[in-house]
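What follows is one chain in structure tokens, specifically the form predicted on its own.
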Amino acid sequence: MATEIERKFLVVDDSWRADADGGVRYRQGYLAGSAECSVRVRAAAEGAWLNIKGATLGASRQEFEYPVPLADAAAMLQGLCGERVLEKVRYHVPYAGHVWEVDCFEGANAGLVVAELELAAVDEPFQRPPWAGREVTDQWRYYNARLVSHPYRDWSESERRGDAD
């Protein structure tokens, strides 16, 4: 069984850009979702993947990912996902022995920037960079599967401030 251990943080400024790579543009769409899991297809210039991820909140959850032909992914995104598609640019940023992924969302989620850190164990120590602000690992609204149905542009001011947590 594959397990993803990931922590999520809001990004508070652009200082991470000094150490970031050139970024990769992703389009990802949701094929199905339930209380137990989500099924998505993700496409980038270098390839595409089908992903099944447990729908539990928190740092640890089941995740399975399989490569698919880029043409198949494009067909799924266009024909099967409908409006359940989001776009983002993901940057890799090394910091204190870890590589952080910073997602800059576009379209209906423009303005939202989230940093993710994958870990080998739930209790693995790490140093938080100064640009990583409030942790949102346990907040459903920041999960990509939720952002396709309740995008950032539709959030209330209290949701954007974090008062609605």
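The structure presented is a predicted model; accordingly, all values stated were derived computationally and were not measured. One rule holds for the numbers: they count along the sequence shown, beginning at 1.
Not on display, but discussed next: the form predicted in complex with a further copy of the same chain.
Mapping the unseen interface onto this chain, R84 counts among the residues with a heavy atom inside 4.5 Å of a further copy of the same chain in the model of the complex. The closest heavy atom approach of P69 to a further copy of the same chain in the model of the complex falls within 4.5 Å.
Mapping the unseen interface onto this chain, F64 counts among the residues with a heavy atom inside 4.5 Å of a further copy of the same chain in the model of the complex.
Although the partner is absent here, E124 is not a contact residue: none of its heavy atoms lies within 4.5 angstroms of a further copy of the same chain in the model of the complex. Only one of V136, C37, L119, A108 comes within 4.5 Å of a further copy of the same chain in the model of the complex through a heavy atom, and that residue is C37. Although the partner is absent from the chain shown here, none of A44, G47 and V89 has a heavy atom within 4.5 Å of a further copy of the same chain in the model of the complex. For a further copy of the same chain in the model of the complex, the listed stretch (95-103, 28-36, 127-135, 108-116) containing residues with heavy atoms inside 4.5 Å is 28-36.
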